[in-house]
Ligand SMILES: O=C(O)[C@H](O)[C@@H](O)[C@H](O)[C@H](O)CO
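Listed next as structure tokens is one chain, alone, in the form predicted alone.
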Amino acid sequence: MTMSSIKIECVLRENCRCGESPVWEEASKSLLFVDIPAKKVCRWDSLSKQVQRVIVDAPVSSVALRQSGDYVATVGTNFCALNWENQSTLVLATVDKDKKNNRFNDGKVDPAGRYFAGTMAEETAPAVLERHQGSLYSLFPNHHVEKYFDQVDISNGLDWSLDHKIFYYIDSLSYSVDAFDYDLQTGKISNRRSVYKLEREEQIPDGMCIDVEGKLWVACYNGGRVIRLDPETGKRLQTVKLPVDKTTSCCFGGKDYSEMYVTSARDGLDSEDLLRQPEAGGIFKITGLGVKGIPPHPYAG
């Protein structure tokens, strides 16, 4: 597949302050995503091109499908159930009660239906914050919360290998994509190691997803790109540049999960930047990558 067959279009000019956590919902042929500081969960219908939005009462950093229907989301420092019809949230569990300045950041459901998400200190400016305040957690289907480790700066992208034996994770300010051994039965992780260190022009690693070949795609915040990595060799295989700098996360969706959706942010851009990249904060669709993704896992609780 030649590079020139790749097509990038802004399918929704949402002007997100900080768009994040894109998730494809096959049943409704829709893309879910959040705008963290705007406290918005959005659902873009790819057929009608209409957007529905639910406003919640705190920064909402990730959203995921739920097996029983509807969604779960990380709101403030709460794992919440989200009822789309009546636009309400119900707290399932709360973390970091001793850290009033913290909030959740990126989250994703593992192949066994546990909702993994990590925290960080609230930023004073994009990527400027008190260091080492975050932790990584998961919400089990029975609503029990497991804490894995702390000392996290900005808990970010996460996914699991195709055989479910490796958990991939990004703490943004380490400029590294890390891997852990993963036990799907217990949800335990061990043996942390780095599989890729970002290069200077790639900037800050943010959201991440995996494709059917087991390769990782990482959105590079301030780098205006998504990169494809081989976690076994530690090599970068491909770079896809986007017309905005603050690319935040990515997921596969659309027909047979052959399209990639990328979220982006406007916060931290001045008026000159915004003139140069009017689609900043928009949702982008990339076609022609020549590789497919896998469906998201629903939360089992």
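Note that the structure is a prediction, hence the values are computed from the model and not measured. Start at 1 with the first residue shown and count on from there.
Form predicted in complex with this ligand: not shown, discussed below.
### Clash check, this ligand transplanted in the predicted bound form by site C-alpha superposition, 2.4 Å backbone/C-beta
In the predicted bound form, this ligand occupies a site that, on this form, remains open once the ligand is superposed onto it.
### Task
Given that the partner is absent here, state which listed stretch (72-80, 97-105, 161-169, 132-140) has heavy atoms within 4.5 Å of this ligand in the predicted bound form.
Heavy-atom contact with the partner occurs in 97-105.
### Query
Are any of the heavy atoms in Val212 no more than 4.5 Å from a heavy atom of this ligand in the predicted bound form?
No, no contact at 4.5 Å.
### Task
Would you please decide whether Ala127 lies within 4.5 angstroms of this ligand in the predicted bound form, comparing each non-hydrogen atom pair?
Yes.
### Task
Could you confirm whether Trp217 comes within 4.5 Å of this ligand in the predicted bound form, counting heavy atoms only?
Trp217: no contact with this ligand in the predicted bound form.
### Task
Decide whether Met120 counts as a contact residue for this ligand in the predicted bound form under a heavy atom distance cut-off of 4.5 Å.
Contact with this ligand, yes.
### One residue of Met260, Val244, Ile36, Ala64 in contact with this ligand, assessed in the predicted bound form (non-hydrogen atom, 4.5 angstroms)
Contact residue from the list: Ile36.
#### Entry: Partner contacts for 150-169, taking this ligand in the predicted bound form and a 4.5 Å heavy atom cut-off
Result: Ile154, Asn156.
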